[in-house]
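Shown below, as structure tokens, is a lone chain in the form predicted alone; questions about how it binds or moves come after it.
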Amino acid sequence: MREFLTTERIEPTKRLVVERTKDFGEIYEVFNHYDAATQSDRCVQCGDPFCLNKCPLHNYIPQWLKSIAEKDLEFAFKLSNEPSPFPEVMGRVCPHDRLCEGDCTLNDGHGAITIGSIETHITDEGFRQGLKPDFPGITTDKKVAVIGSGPAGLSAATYLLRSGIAVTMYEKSDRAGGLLTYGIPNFKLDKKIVERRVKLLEEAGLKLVLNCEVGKDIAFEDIASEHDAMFIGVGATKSKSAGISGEKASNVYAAIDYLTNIQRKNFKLSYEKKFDFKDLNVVVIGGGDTAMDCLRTAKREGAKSVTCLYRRDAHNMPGSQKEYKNAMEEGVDFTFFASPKEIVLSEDGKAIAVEVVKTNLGVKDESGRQKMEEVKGSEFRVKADVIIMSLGFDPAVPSFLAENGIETNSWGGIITNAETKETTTAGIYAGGDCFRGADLVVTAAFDGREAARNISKSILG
């Protein structure tokens, strides 16, 4: 270990831009044995590891780095899969630059350990060699229902099954995974990765009920009466509005609708043809990872031009800098310091441009972020054939919550006990975006894990 003085940080190899923009295949190659081991060997094995502390799951990062450096894949696999329900997903989609790698001691002049890429290597290579996470089978007479099969739901199911508890998962879509399946494009997360995890859970005893919307196709009360506890992980799927004139035009779309339909197209399922943007001028409003996903998807779909409008600068974008860099490489145009004021419509009511005003960054607010200030008289227009709004998401509050005494806050988030994740109705727990608002996959996984552990304690004694 501690080979950081002689070994530099390396990034995983990326497919060439001219190749990767022709399809939806993952753009990063997985580290081989040598690269994973030599990068792991750079770790200084801190006494108080910042990487572990910054990770919402508190992954055993220094420990599995040491195991990989010593070429003990089996132990690294066990360590990686213990606190994390799907480390091979986290290795691909986590914003490592803001979490574990961002707090790596070696960032001070030497370059952080490539933690995310090593995490991906451990589980991918482990699966390739026949390793599997341990599940005991259903060893109790207890049953728990999980509503929603996104990151929080899958995480909860994982840890409940590890306790020998039977789990039935209800998913309104035709495939499990939630945003992992229909929100994150294939070029970041191949869907076979998600399908493999779901299959493992089914082999461990999960009963998966697809195309079943709770409150519509089956009553919440019927599920509650048949289970000892419930976990709600329905995500946040209600797109935020910009509150500007013209945004309800027929060719102004929500980001999640666009991404879902293109994923359906990639699955060779039916989809809405209005989302075929080939040879069109596409404008995306927003600067988060979902905006980057839309921009990069439009490039692969053959758009004539793809432009991102963001009211601050690149440094202040809320998403991962890695995703911004990838979008830049793939030919996306960025217009910074541009705040949308109006969607300009044609005589027949179609969006034809975005009216924006230039901005500056002023004094910092209470959170330490610079306030945005508009520059008077600086309005200009950006031509558009279609516009995608990517301004974040709020929870879509299902009616069965209030009907069953499950309280929500002012913006629709489910209220839970901070420690146990239990809602205001005993025996019903919640986590992920329906509790936090739109957040990270890793925080949803944390919520699911902690809720499952508390459910297990409650019903098993």
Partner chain sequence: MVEHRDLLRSFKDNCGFGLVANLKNRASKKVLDDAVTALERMMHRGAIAADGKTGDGSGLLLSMPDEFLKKEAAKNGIELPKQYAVAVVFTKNREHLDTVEKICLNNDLKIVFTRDVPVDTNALGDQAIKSLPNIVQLFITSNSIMASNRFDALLYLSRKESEHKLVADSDFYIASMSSKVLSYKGLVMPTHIKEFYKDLQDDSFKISFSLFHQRFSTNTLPAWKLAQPFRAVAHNGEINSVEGNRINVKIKSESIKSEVFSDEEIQRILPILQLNSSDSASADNFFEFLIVNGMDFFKATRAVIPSAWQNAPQMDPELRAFYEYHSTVFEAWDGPAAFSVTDGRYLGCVLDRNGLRPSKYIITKDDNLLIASEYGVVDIKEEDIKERGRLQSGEMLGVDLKSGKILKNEDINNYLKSSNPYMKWLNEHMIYLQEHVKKQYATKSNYTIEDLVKRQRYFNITQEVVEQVIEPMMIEGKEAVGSMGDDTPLAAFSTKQRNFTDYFKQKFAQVTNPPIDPIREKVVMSLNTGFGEVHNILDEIPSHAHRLKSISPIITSEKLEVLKSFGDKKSPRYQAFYDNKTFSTAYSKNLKGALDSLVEKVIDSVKNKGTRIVILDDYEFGKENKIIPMAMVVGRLNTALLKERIRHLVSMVAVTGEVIDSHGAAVLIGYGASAIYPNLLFASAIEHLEKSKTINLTTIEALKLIHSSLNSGLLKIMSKMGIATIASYRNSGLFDVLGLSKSIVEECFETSHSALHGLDYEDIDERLTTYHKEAYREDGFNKIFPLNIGGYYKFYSGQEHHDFGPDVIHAIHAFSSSGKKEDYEKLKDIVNKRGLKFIRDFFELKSDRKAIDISEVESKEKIFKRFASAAMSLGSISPEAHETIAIAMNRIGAQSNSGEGGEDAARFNTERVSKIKQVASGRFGVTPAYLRSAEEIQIKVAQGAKPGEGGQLSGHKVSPLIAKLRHTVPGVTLISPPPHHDIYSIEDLAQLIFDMKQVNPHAKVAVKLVSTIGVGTIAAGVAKAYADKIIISGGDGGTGAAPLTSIKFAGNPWEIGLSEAHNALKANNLRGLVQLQTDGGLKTGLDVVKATLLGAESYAFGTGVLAIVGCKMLRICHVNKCSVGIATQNEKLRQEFFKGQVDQVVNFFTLLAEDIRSIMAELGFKTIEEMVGRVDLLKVVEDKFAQKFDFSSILHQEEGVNTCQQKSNPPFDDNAFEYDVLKEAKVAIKHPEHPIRINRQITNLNRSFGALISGEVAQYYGDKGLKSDTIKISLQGIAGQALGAFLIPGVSIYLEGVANDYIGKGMHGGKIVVTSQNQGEAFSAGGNTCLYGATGGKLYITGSVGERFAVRNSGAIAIVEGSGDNACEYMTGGIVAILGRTGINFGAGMTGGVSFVYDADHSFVENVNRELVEAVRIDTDEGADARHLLKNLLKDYVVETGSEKAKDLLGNFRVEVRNFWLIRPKNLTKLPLNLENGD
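Residue numbers count along the first chain shown, from 1. Note that the structure is predicted; figures quoted are calculated from it, not measured.
There is also a form predicted in complex with the partner chain; it is not shown, and the following applies to it.
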ask   = Of 28-36, 391-399, 408-416, 66-74, which is the one stretch near the partner chain in the predicted bound form, taking non-hydrogen atoms within 4.5 angstroms as near?
value = 66-74
task = Give a yes/no on whether L106 approaches the partner chain to within 4.5 Å in the predicted bound form, heavy atoms considered.
result = yes
ask   = Given that the partner is absent here, does R449 sit within 4.5 Å of the partner chain in the predicted bound form, heavy atoms only?
value = yes
query = Is there any non-hydrogen atom of K238 lying within 4.5 Å of the partner chain in the predicted bound form?
reply = no
inquiry  = Even though the partner isn't displayed, in the predicted bound form is Y159 close enough to the partner chain, meaning a heavy atom within 4.5 Å?
reply    = yes
ask   = Candidate spot L201, E403 and I459, all three in 4.5 Å heavy atom range of the partner chain in the predicted bound form?
value = no
message = Going by heavy atom distances of 4.5 angstroms or less, which of K78, K172, R264, K341 would be at the interface with the partner chain in the predicted bound form?
response = K78
query = Which one of G177, G116, P133, G287 is close to the partner chain in the predicted bound form, taking close to mean a heavy atom within 4.5 Å?
reply = P133
inquiry  = For a quick check, can you give me the residues of 43-61 that have a heavy atom within 4.5 Å of the partner chain in the predicted bound form?
reply    = V44, Q45, C46, G47, D48, P49, F50, L52, N53, H58, N59, Y60
